[in-house]
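The form predicted alone is given below as one chain in structure tokens.
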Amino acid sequence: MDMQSTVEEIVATVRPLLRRGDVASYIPGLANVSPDKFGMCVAMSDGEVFGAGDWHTQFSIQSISKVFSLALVMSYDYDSIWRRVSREPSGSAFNSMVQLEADQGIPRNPFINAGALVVTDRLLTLTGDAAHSIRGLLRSESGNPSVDVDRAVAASEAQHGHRNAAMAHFLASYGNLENPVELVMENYFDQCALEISTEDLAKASLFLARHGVSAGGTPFLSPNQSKRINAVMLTCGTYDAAGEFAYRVGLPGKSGVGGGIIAVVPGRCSVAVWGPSLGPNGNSVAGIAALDEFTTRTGWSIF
């Protein structure tokens, strides 16, 4: 298979979809991103990289950061985080508070906002600076030391993050935060505002395709931990559309409202796509179509 030609063909195929959906305008820092942008990168487990479109353009990582915060917490603390966060699909929007009271302050999974706040809180306790730790992981795994926080986006999220703040206070009321709400929120907004390209994101995600082995060749996670993160990505990684994503793409994946999506083919590669226009569930319309094309053309699916 000529992977470079395959990626180029997929990007050309999905271009007519770029304006279907809407850019995430509820975060003012993302509202002005052009919907005509699209990038795709495939990073193979042996180090080869193939990309097309706007694959070197940086974008806001948003909820994809939750994968890296979870991985870091598990690398430091093994599986203790699962006493504070469940592993079940929520069936509700990523920023919903409906289930928190019924579940006594235990979020359904680490990839909805409430769960991510708990993971960020734990990482803050373990490292002293959650956002800085995630940035360090992205830099080391991608090989790009310039990955950093977009301060304008972080400030925009902080100014309009009332629902997330409400969640954090609600979690604290149940004793499910270890740190002050304000400090947790600051770290959470910074991690979501990290900027990265599809090339760097695909490289940074490779440890999940390599069964936990880092870019440097040393174990970052155990194979069992890597398997578990991939499993939660499959069932919970694309908000309340995880079933549709599994049906169309057939891979563990995690999306963000910045328009990015990562997907993992265990043992083979990681794939990153970016298209800012989102469908009704907050996932990139063109990005999902591209990943659907990718697994259809390659036959690389976990099913």
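Don't overthink the numbering: it's just position in the shown sequence, from 1. Remember, it's a predicted structure, so these values are computed and weren't measured experimentally.
Just so you know, the form predicted in complex with a further copy of the same chain exists too; it's not on screen, but the next bit is about it.
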The unique member of C41, A242, C269, L30 whose heavy atoms fall within 4.5 Å of a further copy of the same chain in the predicted bound form: A242
The unique member of S75, S133, N113, Q99 whose heavy atoms fall within 4.5 Å of a further copy of the same chain in the predicted bound form: Q99
S222 within 4.5 Å of a further copy of the same chain in the predicted bound form, heavy atoms: no
D129 within 4.5 Å of a further copy of the same chain in the predicted bound form, heavy atoms: no
Distance check, I302 to a further copy of the same chain in the predicted bound form, heavy atom within 4.5 Å: yes
Close approach of K37 to a further copy of the same chain in the predicted bound form, 4.5 Å, heavy atom: no
a further copy of the same chain in the predicted bound form: contacting segment from 143 to 151, 159 to 167, 213 to 221, 116 to 124, heavy atom within 4.5 Å: 159 to 167
Check all three, S90, V181 and R228, heavy atom within 4.5 Å of a further copy of the same chain in the predicted bound form: yes
Partner contacts for 244 to 260, taking a further copy of the same chain in the predicted bound form and a 4.5 Å heavy atom cut-off: E244, A246, Y247, R248, P252
